[in-house]
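Given next, in structure tokens, is a single chain: the form predicted on its own.
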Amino acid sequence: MGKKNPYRKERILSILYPAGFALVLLISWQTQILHKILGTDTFTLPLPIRILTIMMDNSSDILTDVAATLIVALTGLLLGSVLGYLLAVLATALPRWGMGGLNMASAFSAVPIIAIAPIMTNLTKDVSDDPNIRSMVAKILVVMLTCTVSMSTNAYRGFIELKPFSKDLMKSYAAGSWTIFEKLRIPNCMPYIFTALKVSVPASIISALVSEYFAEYIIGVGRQIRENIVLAQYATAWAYIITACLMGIVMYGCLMLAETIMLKGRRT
């Protein structure tokens, strides 16, 4: 008999443990055991069946809000990742000037999203006469700033943390700075980019949801969570909360799939 693959067993257990925990949580939630533990009622914490029913009955409205939130999250994620990558390139090529940009980007990580969002709403009030456009720009800027930090710091690490003697080997072949950057630094940076995206993808959803709390235009999953809580429509609010969780899980799953395909055999 062949030897059992220990990695396969670990992979199966890594799926079974969270799935089992989710099943136990769902059962205790539906049977109201969780309510007794938390000391709450079914009005504040509606049963899963009730939440699922609301999601199905309001699927068209929920999908509209999901689309609005995804546009903000994905656009901000793309712009923030590109900006962060360019800052890392600048810091690598011109350390004296580029490090200042990295330090400024890192400074934003100390500012909470809930503080940045209303500031961006005020700063973009003259962008357009259309509240939808103003709101969209403000929300995208919040997400962009959030995603810039992780990409800039991780990409910079990927550019400078080279394998021992690899740079000296390239120079021994008379490779110039651009050749070293193209053939050595960029490929070495790829795993670090995905490391940054593992932080940025969930952060883009969270920052998009929070920015919608303060936006002028009343649309998006985050805004619906706020509005329904204010109106004491907790079941509907929970439907949007579950939707937000599913959005994050799907986006993260797509990222992991892309990493598996693009970095096959190179995962660190």
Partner chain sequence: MMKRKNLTGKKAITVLLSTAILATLLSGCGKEEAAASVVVDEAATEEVVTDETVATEEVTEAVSEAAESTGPYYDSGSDVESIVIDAAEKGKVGNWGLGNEYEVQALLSKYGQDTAYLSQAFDMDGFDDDSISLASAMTYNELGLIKNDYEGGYGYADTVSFIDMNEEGVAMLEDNLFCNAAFAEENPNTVKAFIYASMKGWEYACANPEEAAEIVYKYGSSVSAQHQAYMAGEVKKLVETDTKGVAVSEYGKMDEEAMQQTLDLAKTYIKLDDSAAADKLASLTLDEIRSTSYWEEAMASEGELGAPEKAEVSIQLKWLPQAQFMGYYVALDKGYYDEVGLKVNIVSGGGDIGETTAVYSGQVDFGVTWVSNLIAANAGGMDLLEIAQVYQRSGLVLVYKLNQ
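Predicted model only: the values in this text are computed from it and were never measured. Residue numbers count along the first chain shown, from 1.
As for the form predicted in complex with its partner chain, it is not shown, yet the points below apply to it.
Novice: Could you tell me which one of 114, 186, 162, 82 places a heavy atom within 4.5 Å of its partner chain in the predicted complex?
Specialist: Result of the distance check: 114.
Novice: Select, from the options 128 to 136, 99 to 107, 69 to 77, 83 to 91, the stretch whose residues sit within 4.5 angstroms of its partner chain in the predicted complex by heavy atom distance.
Specialist: This holds for exactly one stretch, 128 to 136.
Novice: Would residue 29 show up as a contact with its partner chain in the predicted complex if we use heavy atoms at 4.5 Å?
Specialist: Because no heavy atom of residue 29 falls inside 4.5 Å of its partner chain in the predicted complex, the answer is no.
Novice: According to a 4.5 angstroms non-hydrogen atom cut-off, is residue 50 in contact with its partner chain in the predicted complex?
Specialist: Result yes; residue 50 sits at the interface with its partner chain in the predicted complex.
Novice: Within a 4.5 Å heavy atom cut-off, is residue 64 in contact with its partner chain in the predicted complex?
Specialist: The answer is no: residue 64 has no heavy atom within 4.5 Å of its partner chain.
Novice: Is residue 236 close to its partner chain in the predicted complex, meaning a heavy atom pair under 4.5 Å apart or at it?
Specialist: Output for residue 236 is yes: heavy atoms within 4.5 Å of its partner chain.
Novice: Along 50 to 64, which positions have a non-hydrogen atom within 4.5 Å of its partner chain in the predicted complex?
Specialist: Sequence-ordered list: 50, 54, 57, 58.
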